[in-house]
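Only one chain is shown below, in structure tokens, and it's the form predicted alone.
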């Protein structure tokens, strides 16, 4: 789709993931054994033929830049436009963006003004899904609305606070909208994906920032819709969408892909999820190891027992070690006889022999990158 460009926000929900995003953006957070969160967003854009993409970052973006690079894995380095990282410094902003609108307004000074595309897809990296964005754009154009937001049923539960929640009437039109709201079950949750015209986006950002308005959902979408200045349509997505907006959700959703239905909803024919290629030797399964219901990446050495867990690349599980309901990131080493349940191990963690760590589904034990226990 040559008339569409993309704008990806990499740092949304960083503060909600605690230790896991202390030194990285949420977009670069490992997920599902071999991917990063941003892989899904970039792949969805690339699969729709979008070849001009800006990645808006605020801080801790080195690992993200190392992972994405020039965008070669998504064919973004081969096309006109390509991939561009947008930071507060490169846009002339003295410190971090105070909200999406300020980031967009800063982008308008260069990235958006230079663009030739008529439409922009704005997306966060917090929601993991495989979505056909061509269909979303076509539905947006056909609707004649100013903005289309992609929404998902079944997320609102009276407890989870939603950035943007909408309720539809019998004709599928938005009848109510709320932000930062623990919405009841009849509301639909925004997936952080919006489509609108580039010129409208630039004009809106300039006007809002000039009037001290920085929050995209609250001070633009909701406020202008409520004032009758903005027409907003909803595109309902009916396949698998995993909201990784908290540590508990991130932990639960990593383990959820062990389920066939969830896994097949994320990795679908025609909607390939790409990532940086890191070819490794095949995983070695020891003669006496027991690996049950696990996602296992390449390069691992497995001599112990793992049950219902996600093991990233180059994990070493020693003889007699037991791992259950855990997310073990790359290059971790589990010592002889160690026992882990409900744990998240960041990269390069070493668990010494005989160590026992047991968390809960709501509060998994989290070890920082490079920790030795």
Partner chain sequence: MNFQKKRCVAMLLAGGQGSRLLVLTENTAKPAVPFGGKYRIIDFPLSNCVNSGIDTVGILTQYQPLELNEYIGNGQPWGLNRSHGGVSVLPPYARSKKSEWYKGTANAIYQNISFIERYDPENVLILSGDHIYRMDYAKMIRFHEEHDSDVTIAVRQVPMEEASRFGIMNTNPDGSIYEFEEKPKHPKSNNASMGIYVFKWSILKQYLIADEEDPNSENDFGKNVIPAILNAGHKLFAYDFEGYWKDVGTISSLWEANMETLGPDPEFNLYGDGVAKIYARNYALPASYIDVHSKNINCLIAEGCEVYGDIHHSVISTGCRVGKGALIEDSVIMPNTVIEDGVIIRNAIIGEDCKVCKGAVIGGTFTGTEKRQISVVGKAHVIEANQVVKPGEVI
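Numbering follows the first chain given and starts at 1. Here the structure is a predicted model, which is why all the values come from computation and not from measurement.
Heads up, the form predicted together with the partner chain isn't pictured, but that's what we're talking about next.
With the partner omitted here, the residue from 282, 184, 154, 144 that has a non-hydrogen atom within 4.5 angstroms of the partner chain in the model of the complex is 282. Just one of 168, 200, 256, 295 comes within 4.5 Å of the partner chain in the model of the complex, counting any heavy atom, and that one is 295. For residue 33, a non-hydrogen atom is located within 4.5 Å of the partner chain in the model of the complex, even though that partner is not displayed. Of the heavy atoms in residue 98, none are within 4.5 Å of the partner chain in the model of the complex.
In the model of the complex, the partner chain sits within 4.5 Å of a heavy atom belonging to residue 264. Interface membership of residue 114, defined by any non-hydrogen atom within 4.5 Å of the partner chain in the model of the complex, is ruled out. You can rule out all but one of 154-162, 209-217, 284-292, 125-133: in the model of the complex, only 284-292 has residues with a heavy atom within 4.5 Å of the partner chain.
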